[in-house]
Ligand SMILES: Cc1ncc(COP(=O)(O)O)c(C=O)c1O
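Below, in structure tokens: the form predicted alone, a single chain.
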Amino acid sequence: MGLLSRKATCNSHGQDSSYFSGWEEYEKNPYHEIQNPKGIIQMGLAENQLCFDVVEKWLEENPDAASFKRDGKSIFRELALFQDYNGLPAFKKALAEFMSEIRGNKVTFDPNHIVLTAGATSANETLMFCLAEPGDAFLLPTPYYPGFDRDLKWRTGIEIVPIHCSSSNGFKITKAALLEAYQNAQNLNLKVKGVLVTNPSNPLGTTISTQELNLLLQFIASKNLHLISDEIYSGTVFKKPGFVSAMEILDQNYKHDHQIRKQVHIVYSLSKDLGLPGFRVGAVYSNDEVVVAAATKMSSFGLVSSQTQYLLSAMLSDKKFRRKYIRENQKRLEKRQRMLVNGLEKAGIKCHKGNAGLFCWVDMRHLLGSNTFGAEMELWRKIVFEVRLNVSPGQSCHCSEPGWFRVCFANMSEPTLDLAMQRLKAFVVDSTTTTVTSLGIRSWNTNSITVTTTLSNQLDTKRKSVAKWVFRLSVQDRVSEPRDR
């Protein structure tokens, strides 16, 4: 008998994913403008660093909160002592107001239904413990956040069954896909307990439509399931269509259906909207009193410090600050996303049309040698080790189509993002040139400007032809190869 538990020695954490491998390579050779200008640029980290100056200005203007004072007098001893699991009432009230304001005050949140957790990771795991038994399953639409394989499964023992969504309809959730996933779970003798969605989607960077939310609620009602709506990116929506919370649909169509209301649960955090992942502030919101009571007991394993709650209660209670921050955050995110999209377009790469989040879902299918996940991994390794950009391959997000990548844009400066785009463009041009050369086209040195110009035009034409040829090849492969699940 070994000295360690199976949990300690098993390989079910999910950390062998290429998502985490990219991070490891970045940490070995991190980019720095001066100290390591040829290092790997981190584009696999969904952090929001765009409005730190707005938060820092508030801290400067409110020194009492930052130094744990009330009316000029220190409350350090009060905050240093043990606090109730329920959290500070002032903070829960301020958090509820912030959550409502992000949603355009179309919904309200009862602070008594909020359970504080150490980030959204803890919130999602807590709900798994509350809603399912080991061996039960949750359905998740693909592509989904790679960390869910760790957050939802590792300690709880639950299983994830993918709802396969397709680029053919913009990765929308359909009734057919829901029913197929549910049937697949039954074929595996898994008891389905619910559906979990991220809205806005990570990694798609899009909001879930009202039509899809209605479909999800109808589905859980027909199958007697739970719906978890992870709305951690709800404050990052910067374009139309706007964000619609699952709570808003509940209020519109299920206002007096208390049973369905108990089956819908919200996960939230200040990690993305406010850019404070290091503060470890998350929340579960549920209309089911039993879930709230159980989650509150579980929160003792991941409490939010009293100091953090006090500081943020003062900040989020400032209505003027809240409005300014939300407005400025959305404005800067839109500008930065546009910069990434334009940079990619100059490199001949398109993105899935997004309106939210800290990342773009990038289509590099035309750069694959074949329409396989092996080819995707080969391209990913080139991007990490040759281009020196850490991006997340679609395979790590359980995308059913090879060639998609998640690329983050809000965790770096504009000059760094510009450099990343220059590197990627050079790589694509070099790859295209290599492909052209391999097809029998040769270049030579000449002093003739006319000949050089003519050759350049010929190469441009050939490159366009090659791009079309590669696309046709991809379509053929797509037809001939079975879909990887």
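Don't overthink the numbering: it's just position in the shown sequence, from 1. As the structure is a prediction and not an experimental result, all values here were calculated from the model.
The same protein has a further form, the form predicted in complex with this ligand, not shown here; the description that follows concerns it.
- The candidate site formed by T121, N202 and I232 is fully in contact with this ligand in the model of the complex, as each residue has a non-hydrogen atom within 4.5 angstroms of it.
- Between this ligand and the residues N329, T308, T142, T198, the one pair within 4.5 Å by heavy atoms in the model of the complex involves T198.
- F148 is the sole member of W361, F109, F148, W380 with a non-hydrogen atom lying within 4.5 angstroms of this ligand in the model of the complex.
- Among heavy atoms of K193, none comes within 4.5 Å of this ligand in the model of the complex.
- Using a 4.5 angstroms limit between non-hydrogen atoms, K272 touches this ligand in the model of the complex.
- Shown alone here, R103 lies farther than 4.5 Å from this ligand in the model of the complex, counting heavy atoms only.
- Put simply, R280 is close to this ligand in the model of the complex: some heavy atom of it is within 4.5 Å.
- Of the candidate stretches 214 to 222, 81 to 89, 264 to 272, 237 to 245, only 264 to 272 has residues whose heavy atoms lie within 4.5 Å of this ligand in the model of the complex.
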